[in-house]
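In the structure tokens that follow, the same protein chain appears in two forms, which are kept apart as structure 1 and structure 2.
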Structure 1
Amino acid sequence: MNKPPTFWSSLWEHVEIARTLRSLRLYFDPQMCTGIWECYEVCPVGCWSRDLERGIAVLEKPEACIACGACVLQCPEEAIELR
């Protein structure tokens, strides 16, 4: 079934990816967070902040997210999802 990509199909793939990128939202499960704050370290737009008292991360500004995926990849607990 896998056809080799043509010029037009790869263009269409770009559109699909772009659409997905735009619709992606961050989902965060604070229960799974162990507070290493790697998400806060890598987020280039400041979505995350640190709750020093409870020792967990806080998704403070989800609207700033650019769906780069850095926090999702770096979180060792897989507490963050983009979908």
Structure 2
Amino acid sequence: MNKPPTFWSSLWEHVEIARTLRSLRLYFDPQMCTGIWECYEVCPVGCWSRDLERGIAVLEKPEACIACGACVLQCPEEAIELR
């Protein structure tokens, strides 16, 4: 029978996950963007803006990214990656 994780093992697991997420960077190919702006709509920290003249999204604040992956999942053109 599996024992439940202790407080410290659970905390260590969360630290490792946070460390991994902090090392991920957002990569965006604006040439693939078709201006659906789902990334802009779902970003919880406001990394994205809309360029209405060109009809594309703009990764305005990449340093604010928390690597949640919401924009990656929502982009129908697969123009956004976390790596």
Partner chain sequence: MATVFMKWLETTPRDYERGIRLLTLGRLEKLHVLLTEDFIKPGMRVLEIGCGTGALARRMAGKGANVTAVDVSPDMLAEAQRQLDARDLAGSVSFEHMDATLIGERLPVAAFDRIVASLVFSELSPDEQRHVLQNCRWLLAPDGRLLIVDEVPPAGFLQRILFWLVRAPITLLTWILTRTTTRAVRSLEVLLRESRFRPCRLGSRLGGSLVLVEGSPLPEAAPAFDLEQAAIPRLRHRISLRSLLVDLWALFLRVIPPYPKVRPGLYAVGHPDTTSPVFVSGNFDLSVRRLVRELDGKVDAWLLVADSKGINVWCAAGGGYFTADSVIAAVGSSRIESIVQHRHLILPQLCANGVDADRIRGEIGWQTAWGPVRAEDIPSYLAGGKKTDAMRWLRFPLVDRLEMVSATLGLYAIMILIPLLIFWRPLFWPVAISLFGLSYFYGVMLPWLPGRDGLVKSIPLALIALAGLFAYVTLVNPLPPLRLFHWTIGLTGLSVFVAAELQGMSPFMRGEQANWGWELLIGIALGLIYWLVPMAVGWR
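Fair warning: this is a prediction, and the values are worked out from it, not measured in the lab. Sequence positions of structure 1, starting at 1, serve as the residue numbers. Heads up, when I say rigid core I mean the largest set of C-alphas that superpose within 1.5 Å between the two forms.
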Of the two forms shown alone, the one predicted on its own: 2
Taking 2 Å as the cut-off, check whether the CA of R25 shifts that much or more between structures 1 and 2 after a rigid core fit. no
Under a superposition restricted to the rigid core, does L11 display a Cα displacement of 2 angstroms or more between structures 1 and 2? yes
